[in-house]
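Take a look at this single chain in structure tokens; it is the form predicted on its own.
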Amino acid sequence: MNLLLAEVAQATQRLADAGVPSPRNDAEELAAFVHGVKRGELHSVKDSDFDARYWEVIARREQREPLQHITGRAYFRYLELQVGPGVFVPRPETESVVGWAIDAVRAMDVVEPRIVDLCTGSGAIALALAQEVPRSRVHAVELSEDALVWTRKNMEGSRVDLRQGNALDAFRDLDGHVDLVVSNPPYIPLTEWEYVAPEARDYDPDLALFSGEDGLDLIRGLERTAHRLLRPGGVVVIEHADTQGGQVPWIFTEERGWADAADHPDLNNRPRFATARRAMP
């Protein structure tokens, strides 16, 4: 075993002792980051090329600073995004939300589907949809100026229409003309603050995490926004906590102009997002 692999083994144990959820993965990712190689190439780093800065970044990860803040990058579907303080780090669970949205748009008989991403954050959802549905017209909105620093970096050169503003009032010019509305809004109840993982609680912006006593305040508002934006037959897709699976579909009721409200699991088979269709007149 070369020196770097031996150090990675020690780092893995340190991260495990610190409660990091994926210690081996993170130890290897940080080793690759510091040494400028891919994870599969760690064995090729010569002992003489070992960089002691590795232990500096391991110490940061031990303090539960997000891996993505240390490396400055996050991976989402086929994208590599720039992230850091002030913007929500995209999670793997959201990839299943985007997968469902892509399937739904492709099933529509629309040549250039119009898509709106509310609370876009890093831009992960909007950029993934623009990339994987090439003829779509994608619009995205973000309220936080701190988050927008990262959104603009990620969307530079893209064809996404990015705007700053409140998701509840956004895109009045698109009312009734949108085929799909998608959102990963804040949904953690304020009462759950102490149970949130340190990586999120201490580093992700509160604006992207918490939404009232039951976590559903913004989702209730987005239900009205989605209804306003969508054409009849258009679809909304909203992520939620795995503990909210029995609650969110009930926000999209027939009395409020919706049909086919349903919940869907993520890759771990946990309730993760709700969908509904704007009812036909």
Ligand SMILES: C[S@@+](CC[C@H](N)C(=O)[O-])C[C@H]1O[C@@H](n2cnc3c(N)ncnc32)[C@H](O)[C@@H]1O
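Only a predicted model underlies this, so the values are computations on that prediction, with no experimental measurement involved. Numbering starts at 1 and follows the sequence shown.
There is another form of this protein, the form predicted in complex with the ligand, and it is not shown here; the text below is about that form.
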### Query
Quick one: which of 193-201, 104-112, 90-98, 152-160 gets within 4.5 Å of the ligand in the predicted complex, going by heavy atoms?
90-98
### Message
I have Ile125, Gly165 and Pro186 flagged as a candidate spot, so tell me whether each of them has a non-hydrogen atom within 4.5 Å of the ligand in the predicted complex.
### Response
yes
## Note on the structure
From Leu79, Val133, Leu174, Leu207: within 4.5 Å of the ligand in the predicted complex by heavy atoms is Leu207
#### Entry: the ligand contact in the predicted complex: Cys119, any heavy atom under 4.5 Å
yes
### Message
Can you tell me whether Ile251 touches the ligand? I mean in the predicted complex, with a 4.5 angstroms heavy atom cut-off.
### Response
no
#### Entry: 4.5 angstroms heavy atom contact with the ligand in the predicted complex for Leu218
yes
### Message
Is Thr71 near the ligand? Define near as a heavy atom within 4.5 Å, in the predicted complex.
### Response
no
### Query
In sequence order, which positions of 260-281 have a non-hydrogen atom within 4.5 Å of the ligand in the predicted complex?
none
